[in-house]
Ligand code: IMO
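As structure tokens, one chain now follows by itself in the form predicted on its own.
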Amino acid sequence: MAVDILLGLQWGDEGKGKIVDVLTKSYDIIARFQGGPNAGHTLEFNHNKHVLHTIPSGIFHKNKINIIGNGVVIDPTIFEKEIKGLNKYSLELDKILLISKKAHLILPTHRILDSASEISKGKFKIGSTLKGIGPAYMDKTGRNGIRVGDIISSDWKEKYASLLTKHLNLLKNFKNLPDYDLKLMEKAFFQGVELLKKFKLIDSEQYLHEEILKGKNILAEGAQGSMLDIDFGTYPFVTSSTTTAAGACTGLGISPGKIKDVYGIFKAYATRVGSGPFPTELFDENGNKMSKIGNEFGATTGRARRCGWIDLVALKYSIQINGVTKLMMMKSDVLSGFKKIKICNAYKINNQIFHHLPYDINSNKIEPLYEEIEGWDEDISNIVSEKKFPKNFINYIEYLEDKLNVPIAIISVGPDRKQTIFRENFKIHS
């Protein structure tokens, strides 16, 4: 069988965790392909709410294999906390969670370097989550990183000591450092490493190759969003990994020829956490209303998310670079009660109209050009069939499909698993 990819099309926080959880029953393997514990994939079911940072979102389904791929960076300290949080669910984690030996580790000093770097930027800081992810990826590309496979090698401690020395020397270059207790951080880190050793560490690219030959269905799970991609996002206000569909190939060792469907997830409006351009951001009552109803706070950082109208310029761009075949719209229920809904179809920059995403949108001179449609008053959070949708909500769906030229296959009307509507046009491996 083929491999399907599921990824975010905006600035992250689109609701990927929920949809992976919902779709897992149709797949044999869920494989996370990039990012680190800056991800916050929120799942709600049976009146329980759980946030995953590193572990794939299919973990709550028994007999389903979950893989942390080589493109992921793992903080052993956070990983241990995640595992402890899952223990109450009586899952056989040692059997259903596999970890790539090629995934890189986040050291305590990576987190210190991350904080020191952000402090040094002052008002120009990029809004890092301070999880050490950027410095870890820098060591990876600089060929200095430590991989999961290293922790079972005889020279593991020597490799750690060498990288620690490098980091401590780098920290001497910063005038202002965050408060930290390295020994305490190292104690938790090495404790997490010992836990990592108890899991099955695999050559993930070979494992996945063999499973594909056996006819297994695989869902590749992305983190963050396409507009945060290191190459194609709103640079430099981006993450440090490839968040687009290409990242699934490099982050798992899967051939592009094995990819079938690319599921693109987006909110019915738009949000962003931290610094960076956001052309449709709202600073009025509508923005406050979206934030309050949508409970727009980062699952990982707790920071308030900036809110705005949907941006089809950016969304079309994400669809294009990912080759999206099916769309999934999240948080549709949040827009209930808005009398008018605005949709950005173009940017005006220095009297020039752009229908595509220009090279640099880090300018405050961008004027979003909107089209306005009628909103709906009805509460849609308890609707279980698209046939029951209010007429104006159907109009919104059809408007987006017409402009984006990709079918919206799934619509979420609330945070719980059950509040997910599969439209008639959605089939897996048809």
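Only a predicted model underlies this, so the values are computations on that prediction, with no experimental measurement involved. Counting begins at 1, following the sequence as shown.
One more form of this protein exists, namely the form predicted together with ligand IMO; it is left out here, but the text below deals with it.
Report task. Could you tell me which one of A136, I99, V273, I74 places a heavy atom within 4.5 Å of ligand IMO in the model of the complex? Result -> Exactly one listed residue reaches within 4.5 Å, namely V273.
Query raised in the report: Considering S117, S336, T129, T242, which brings a non-hydrogen atom within 4.5 Å of ligand IMO in the model of the complex?
Result: Contact with ligand IMO in the model of the complex is made by T129 alone.
Query raised in the report: Going by a heavy atom distance of 4.5 Å, is I254 a contact of ligand IMO in the model of the complex?
Result: I254 lies outside the contact set for ligand IMO.
**Report entry** Non-hydrogen atom contact N322 with ligand IMO in the model of the complex at 4.5 angstroms
**Finding:** Residue-level check for N322: no, no contact with ligand IMO.
Requested in this report: Look up in the model of the complex whether N38 has a non-hydrogen atom within 4.5 angstroms of ligand IMO, and give yes or no.
Outcome: Looking in the model of the complex, residue contacts with ligand IMO include N38, since a heavy atom lies within 4.5 Å.
Query raised in the report: Should V238 be classed as touching ligand IMO in the model of the complex when contacts are defined as heavy atoms within 4.5 Å?
Result: Yes, V238 sits close enough to ligand IMO in the model of the complex that at least one of its heavy atoms falls within 4.5 Å.
**Report entry** Answer range among 307-315, 219-227, 103-111, 163-171 for contact with ligand IMO, defined in the model of the complex as heavy atoms within 4.5 Å
**Finding:** Of the options, only 219-227 has residues within 4.5 Å of the partner.
Query raised in the report: Listed by sequence position, which residues of 348-385 have a non-hydrogen atom within 4.5 angstroms of ligand IMO in the model of the complex?
Result: Counting only heavy atoms within 4.5 Å of ligand IMO in the model of the complex, no residue of 348-385 makes contact.
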